[in-house]
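Just the one chain here, the form predicted on its own, laid out as C-alpha cells.
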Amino acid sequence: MSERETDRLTELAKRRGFFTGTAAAYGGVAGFYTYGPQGAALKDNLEGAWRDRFVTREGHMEIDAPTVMPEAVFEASGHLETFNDMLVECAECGESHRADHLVEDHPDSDVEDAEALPNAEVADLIAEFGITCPACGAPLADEPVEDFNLMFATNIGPGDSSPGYLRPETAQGIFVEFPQFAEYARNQLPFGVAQIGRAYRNEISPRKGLLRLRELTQAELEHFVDPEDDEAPIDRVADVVLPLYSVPQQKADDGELQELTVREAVEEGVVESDWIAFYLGLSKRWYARAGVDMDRFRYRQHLPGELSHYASDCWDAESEIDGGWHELTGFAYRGSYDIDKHAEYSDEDYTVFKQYDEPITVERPTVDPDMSYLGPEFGEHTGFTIEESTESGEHVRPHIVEPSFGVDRLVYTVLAHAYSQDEVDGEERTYLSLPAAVAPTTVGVFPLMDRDGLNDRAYEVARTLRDAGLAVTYDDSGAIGRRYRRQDEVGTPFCVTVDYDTLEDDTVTVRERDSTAQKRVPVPELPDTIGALRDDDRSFEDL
C-alpha cells in the first residue's frame, strides 16, 4: 500500500466503524484504540478462527488468567530486569523516543534491526546520522540511550505494600499455574495451554495505529513437550512451502528468502526445532485463510542480539505494510526457562511425573562410612555398596514451544491486504476483499424498492438468515448501487436483493462482492447456500 492508500484505509476504518483513537473528545492518548462495531466483529471472528485452528482442532486447553499479577511473578520471569526498550529523551522539548526506531527510520540508515544492537552503538549511530528530535528538531547526538522498562506498575490493595504489574504478555498466567494444568492433563506430555487476552506495554512512542499499542490483545499457545521423546507431527505439514529469511541470509550481502518445504527446512537445518517448523507450517495455511496476502508474507529468524532472554531460537511471521515489515507472530523455543525460574522462586514442583511402561530396576552406589576408621586406615571400611531399587517413572521438566499471535496487528494486516480499488459501471469503487469466514457481516439483505411488499419479504429473508446463524445487515436506504457500495466498503462478501421476481418465483439475486457477479437462488435454499459459501464448501461460480 502507498502512503495515500494507508491514509484512505485509516479514514475508512474510522468512518465505517472498524477502529478509532480512544478518548478523542479529551485529546486522545497514543497507543489506545477503540474497535467500532465492524472492527469488533472482525477481531472476534479472527480470534474465533484462531481458537478453532490452534486450540480446538489440536486438542489443547484454554484458560483465562488475570491481567494483574504480583511483582514476584515478574521477578521470577525476568521481566523486571529485561523487559526494556531503548529510550532517548530530547533535552529541548522533553519528548521521549524509541532510539532504535529513529535509527531504522533515518533515510541514510541501512540498519534493519537496531533493537539487536547495544545501547552505546545506537547512540553512536544517532550522532553519526545527525538524527534530530521528530517533535522539535533539536539534535539528539549528545543524549544518552537508556533502558526503559515497559511494564505498567500498580498496587494490589490499599497502600503500596503489595506491588503488582499489568501483564506484558499472557504467557506468565499459564506458566505460573503449570502444576495445576499438568494435573488437568493427567501428567501426560505433550499438552498445550492457550489464552486469548489483553496485555499491556508502556510503549515509549506508539505509532502506526494498531501495529504498536499500549493495550493489545494476544493469542498465545504454550505447548509443553518432552524434549527427549516427543516429536512434532511434521508429516501433517511436510509439503507446506515456507518463505524463510534465516540469520545467514540476513547477514549475507545478497541475502534473500528461501522457499523450502517444512520437511526440507528441518532436514537442511534451516529451522532447528521440528516443533517450530510444525507451527510455521500450520500457521501459514491459517494466515492465508484469514486473509493475509502470501505475496507480502515471510518468516524471519531472530538475529542473536534480538533473541529474548528465554528463547534459544525464534522466528517471526511478518507482513509487509507501507513498504516495511511488521511482526505478526513470534514462534519461540523457550526451553524450560520459564518453569525453571518459577520452580526456583516458588515452593511448587514444576515437573511432570513420567510413568514407565513397566517398572525398572536400577543399581546405584551408596556410601555409609565407618567414621572410626577414617584417616590412614579408611581403605576397606568406607561402607561402599551397590544397592538395587525399583522405579516406576521419573520427573521430567518439559520444554515449551510458543506461538504468540498479535491479534491487533493481524486485524490491521488483514484490512491493509484486503483494501482494494477498481472501477464498476464507470465509477471508482473501494472495497475490502475479506475472506467470508472472517468478514464482520456475511450477507446484506436489500429490498429492491421500499414498497409493494418487497420490504416485508426482505425482512423475512433477513430473519431466516439470522436464525441460521449468519451475520446479516438489512439496508433499504438509497439506490441499490449505493447500498452495494456501502457493503463493499466494509467487506461484506454477499448481498441478497429481494425484487419483484421474488414475489413470483420465490428466488432472490445473490451478488458476490469481488466480481460483482449475480445469480438467482431459491429462498428455501438460501441459508444453506450462504453458509456453504462462507465456509468455503461451495464456490460462487458453482451456484
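Rigid core here is just the name for the largest C-alpha set that superposes within 1.5 Å across the two forms. In this text the structure is predicted, and so the values were computed from the model without any measurement. Residue numbers here begin at 1 and follow the sequence given.
The same protein also exists as the form predicted in complex with a further copy of the same chain; that form is not shown, yet it is the one meant from here on.
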TODO: Look at the stretches 338 to 346, 425 to 433, 230 to 238, 398 to 406 and give the one with heavy atoms within 4.5 Å of a further copy of the same chain in the predicted complex.
DONE: 338 to 346
Task: Proximity to a further copy of the same chain in the predicted complex, single hit among 35, 54, 484, 494 (heavy atom within 4.5 Å) - done: 35
Open item on the list: Under a 4.5 angstroms heavy atom criterion, identify the one residue in 198, 289, 296, 207 near a further copy of the same chain in the predicted complex.
Closed with: 198
TODO: Please state whether every one of the three residues 113, 255 and 270 places a non-hydrogen atom within 4.5 angstroms of a further copy of the same chain in the predicted complex.
DONE: no
TODO: State yes or no: in the predicted complex, is some non-hydrogen atom of residue 215 no more than 4.5 angstroms from a non-hydrogen atom of a further copy of the same chain?
DONE: yes
Open item on the list: When the contact criterion is heavy atoms within 4.5 Å, does residue 29 count as touching a further copy of the same chain in the predicted complex?
Closed with: yes
Task: Partner contact for residue 186 in the predicted complex: a further copy of the same chain, 4.5 angstroms, heavy atom - done: yes
Open item on the list: Taking any heavy atom pair closer than or equal to 4.5 Å as contact, tell me whether residue 67 reaches a further copy of the same chain in the predicted complex.
Closed with: yes
- [ ] Pull the contact list for 134 to 171: residues with a heavy atom within 4.5 Å of a further copy of the same chain in the predicted complex, in sequence order.
- [x] 148, 152, 153, 154, 155, 156, 157, 158, 166
Open item on the list: Relative to the superposed rigid core, does residue 146 relocate between the shown form and the other one - that is, does its Cα move 2 Å or more?
Closed with: yes
Task: Rigid core superposed: residue 326 CA moves 2 Å or more between the shown form and the other one - done: no
Task: Displaced residue check between the shown form and the other one: residue 201, CA, 2 Å or over, core reference - done: no
